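In structure tokens, the next block holds one chain alone, the form predicted alone.
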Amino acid sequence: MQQDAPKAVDDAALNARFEARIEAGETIEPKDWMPERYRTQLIRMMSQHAHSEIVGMLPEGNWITRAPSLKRKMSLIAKVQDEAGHGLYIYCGTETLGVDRAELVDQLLTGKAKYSSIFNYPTLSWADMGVIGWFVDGAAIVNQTVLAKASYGPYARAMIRICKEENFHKKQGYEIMATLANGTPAQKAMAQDAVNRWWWPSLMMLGPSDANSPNTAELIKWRVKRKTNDELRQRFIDLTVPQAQAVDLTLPDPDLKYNEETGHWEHGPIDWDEFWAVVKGNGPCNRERLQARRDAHEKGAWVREAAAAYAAKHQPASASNAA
């Protein structure tokens, strides 16, 4: 036991120095010392974020061939490509913490790792492409603009570019919804139906209530997160209500009302039972989404093998050239 004492003292000193850096608002870089708990929390959070970007391609990719015009097809293809890039940025950032990307992907495919609950809902009409851009990407922006100030440098820097692209995605989605809302009665009804189906899941995607979020306090202490889930949810609601009013679409919450004293829109109760059911794998499309990723991973095995063979073939030449 006495032999362990010096290491414990060293760890305590390093931890105190780390906490002081966080308190001072400094950025933590990959080669800096960090508590193991900080590292594992970042890996969990960043990998889930990366998985969400990759799985999030599926509900939209399903509509590329059914988009109503060439312009819409091109825009949707570009958006899906952006989401793939976002996943890549974050996977790369996560690897700076000493974890291999193949391990992260395996955790997704086996169901060990989670991804955003929102992507386990079906896309039933073209209006869903609009509401995903407006609601889902809008909620993501609220969260990610704060993450751009996260204490871990690689994560924060990835968010800067991602937020710029997500902002374009939101505008694209809102423009689709505004066009439908101003179209024929059938088009407006389709837009309203999409709003009705996606509003509550979009509120849930910002995470469980603060009272039931076991990781929030620690992440805020380390300034990985700067706002709680409920604070982010409130910000999203306050931004979205006037946008809905502007295009004459109704948010499906009879309890929604403006509080003059607080300056915030108050919402009705969220069905957290539904949220936890989806998180635990019992949502409308959980199994479908994971199977689609597994199938893509298996069908892409030859690409990974070819890339590995190419790298192995050129490695000796690269080494000799460097010498």
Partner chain sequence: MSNDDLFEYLLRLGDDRLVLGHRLSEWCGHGPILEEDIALANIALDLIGQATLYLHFAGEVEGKGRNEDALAYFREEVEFRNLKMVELPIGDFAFTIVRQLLFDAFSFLQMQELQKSANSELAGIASKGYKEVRYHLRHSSEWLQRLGDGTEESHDRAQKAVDDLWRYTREMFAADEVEERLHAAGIAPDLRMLEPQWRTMVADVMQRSTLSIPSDVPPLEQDERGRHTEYLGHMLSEMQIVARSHPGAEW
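Positions refer to the first chain, counted from 1. Because the structure is predicted, anything quoted here is derived from the model rather than measured.
What follows is about the form predicted together with its partner chain, which we do not show.
Listed stretches are 252-260, 52-60, 35-43, 273-281; the contact stretch with its partner chain in the model of the complex is 52-60, by a heavy atom cutoff of 4.5 Å.
The listed set 209, 215, 179, 110 contains one residue whose heavy atoms approach its partner chain in the model of the complex to within 4.5 Å, identified as 179. Only one of the listed residues (91, 236, 222, 200) places a non-hydrogen atom within 4.5 angstroms of its partner chain in the model of the complex, and that residue is 91. Although the partner is absent from the chain shown here, none of 19, 192 and 226 has a heavy atom within 4.5 Å of its partner chain in the model of the complex. Taking the partner from elsewhere, residue 293 is found to have a heavy atom lying within 4.5 Å of its partner chain in the model of the complex. Using a 4.5 angstroms limit between non-hydrogen atoms, residue 268 is distant from its partner chain in the model of the complex. Although the partner is absent here, residue 74 sits close enough that one of its heavy atoms falls within 4.5 Å of its partner chain in the model of the complex. Under a 4.5 angstroms non-hydrogen atom cutoff, its partner chain in the model of the complex lacks residue 24 among its neighbouring residues. Along 57-78, residues 57, 58, 63, 64, 65, 66, 67, 68, 69, 70, 72, 73, 74, 77, 78 each place a heavy atom within 4.5 Å of its partner chain in the model of the complex.
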